[in-house]
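First, one chain by itself in structure tokens, the form predicted on its own.
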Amino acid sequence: MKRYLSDRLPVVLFALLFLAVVVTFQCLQPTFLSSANIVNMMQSVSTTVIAAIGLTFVIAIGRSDISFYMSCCFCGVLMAWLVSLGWHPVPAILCGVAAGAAWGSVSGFAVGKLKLPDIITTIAIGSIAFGLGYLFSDGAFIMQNFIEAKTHYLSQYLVLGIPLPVYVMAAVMVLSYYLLERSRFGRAFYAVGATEKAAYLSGVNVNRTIVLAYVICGTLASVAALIMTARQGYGNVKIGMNLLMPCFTAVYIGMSVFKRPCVVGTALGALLVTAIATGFTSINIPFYVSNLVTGFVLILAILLSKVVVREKQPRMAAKEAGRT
């Protein structure tokens, strides 16, 4: 009974915190919970959720990726550049997603196969991708043929009154939840993150699992960048630069609540971060205050996640290794 209560307490505390945030902003701004604002918030959170779920796979294997928010900038401007050349938006979008997977594979190969340090290596790879993004635009915005090709439909097209990115987010959540938490494929990620040696001895291909985690992260980050580019209405090489902090915060909030990196926890963490940012915007508080609060929330989430993960890790290592 005591263990059951300790497992449920973080969930209850998160629910109370989220409720307090919503009630506070609703009192300060009565339109905060209006249908229009809720739809706008869901559209905003969709890109954070999509990119953060990709990062969840990397955190699950015990690694970090500091390249995804820079490599996705390359993907967004690549799509805009191809559209400006007269390409149909669909193949341009597919090329952008493929570029994200390619950059993820580069990071995964460097970290998984070559055993290079993850943080420094991904910073370098992300910087290369970000720099190459300028080659398409020469530092300028890419607007040619963007609206005419209806590329903005990726972000603004409505289905039953709900923007398309919300459906994309839901599809990514369902698929990622099944892969990471309900399949043998996903258990390999947790096994590697818990103990690489035990995972290897149980038959997990550790190097391949690491590469796949980075490929998934790069792919989903590119999807988020393409949606953000479509919403902005032109190609901008800096499109993904604001993804780093919200994504890491979302993942670690999820870890502090559910005691391991997971899809549902990441989505809830992203929702909390977006609610705070939207609330500050609605009451005309400068954006940098939101950044300060997000930074404090990230530090707190990391501290809490280290405590709960440390308590659960020995039991989790044996469990995941035995099931793979």
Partner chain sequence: MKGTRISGRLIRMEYALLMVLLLVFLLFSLLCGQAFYQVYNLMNILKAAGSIAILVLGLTWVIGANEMDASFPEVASCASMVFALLLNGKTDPMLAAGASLLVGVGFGCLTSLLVVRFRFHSLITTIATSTIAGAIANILYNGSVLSIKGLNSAALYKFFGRTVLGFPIVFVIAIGLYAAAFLVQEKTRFGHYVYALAENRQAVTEAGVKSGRVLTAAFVLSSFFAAFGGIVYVLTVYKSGQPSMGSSFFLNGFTIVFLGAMALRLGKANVVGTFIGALVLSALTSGLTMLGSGFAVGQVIKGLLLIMGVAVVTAYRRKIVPKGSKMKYE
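What you see is a predicted model; the values in this text were computed from it and never measured. Numbering follows the first chain given and starts at 1.
Absent from the display: the form predicted together with its partner chain. The rest refers to it.
Shown without its partner, this chain lists A149, V168, V97, I123 as candidates; in the model of the complex, only I123 has a non-hydrogen atom within 4.5 angstroms of its partner chain. Residue S64 is the only one of T281, S64, Q43, N37 with a heavy atom lying within 4.5 Å of its partner chain in the model of the complex. The stretch from 45-53, 295-303, 24-32, 270-278 that comes within 4.5 Å of its partner chain in the model of the complex, counting heavy atoms only, is 295-303. Its partner chain in the model of the complex is not approached by A140, whose heavy atoms all lie more than 4.5 angstroms from it. Residue contact check for F248: one or more of its heavy atoms lie within 4.5 Å of its partner chain in the model of the complex. Remark: Y252 counts among the residues lining its partner chain in the model of the complex, judged by a heavy atom distance of 4.5 Å or less. Contact check for P91: every heavy atom lies farther than 4.5 Å from its partner chain in the model of the complex. Contacts between stretch 168-190 and its partner chain, counted in the model of the complex as any heavy atom lying within 4.5 Å, involve no residue at all.
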